[in-house]
Ligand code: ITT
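To begin, one chain is listed below as structure tokens, in the form predicted on its own.
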């Protein structure tokens, strides 16, 4: 761990919704955005963990040749919505579900339309974060942490907050979707919030 200064982390994502959440959930870290024009990162794995590591390691390799400032490590996220009635889908394919549709609002509507009226509507958001240290100031190998939140699917998209599938997901213990809940409430219970808390704890112990 870097001493006497904030740990500087490259966020290996061009998803603006995720970046905004990371800046709130990882306050206190020095976060560097993935540059505009940098290449897309691979995500061809069968599991969230595979994709997160693949993206983080790919970003580190690119940054070592093209990065304009030193960072302590690279952080990548792979996350998605797992619907029990769809055998866990779209899961790792959440971002690539219904590629013919331009917006997540439309993707969410299509996903809901796939469920029979009497289907089990239980679902969960899952997030896996992969942290890959750079050679030098941080030691140890790559690691992953994860977070999940259980809930159910709404019958129609609701709310204008959040991003992705937030308008169709109602977390357990609440009546509103993630897109309807205040950001502060969402950040106390979301899958990404839980994964970021686990990342903080892991980095604080110095175990990697």
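Positions refer to the first chain, counted from 1. What you see is a predicted model, and the numbers here were worked out from it, not measured in a lab.
Just so you know, the form predicted together with inosine 5'-triphosphate (ITT) exists too; it's not on screen, but the next bit is about it.
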Practice problem: Verify the contact flag for residue 166: yes if a non-hydrogen atom of it lies within 4.5 Å of a non-hydrogen atom of inosine 5'-triphosphate (ITT) in the predicted complex, no if not. | Solution: yes
Exercise. May I ask you to check whether residue 43 falls inside a 4.5 Å heavy atom distance of inosine 5'-triphosphate (ITT) in the predicted complex?
Key: yes
Quiz item: residue 18: heavy atom within 4.5 Å of inosine 5'-triphosphate (ITT) in the predicted complex?
Solution: yes
Self-check item: inosine 5'-triphosphate (ITT) contact at residue 95 in the predicted complex, heavy atom, 4.5 Å
Solution: yes
Quiz item: Counting only heavy atoms, which residues in 77-99 are within 4.5 Å of inosine 5'-triphosphate (ITT) in the predicted complex?
Solution: 77, 78, 79, 80, 94, 95
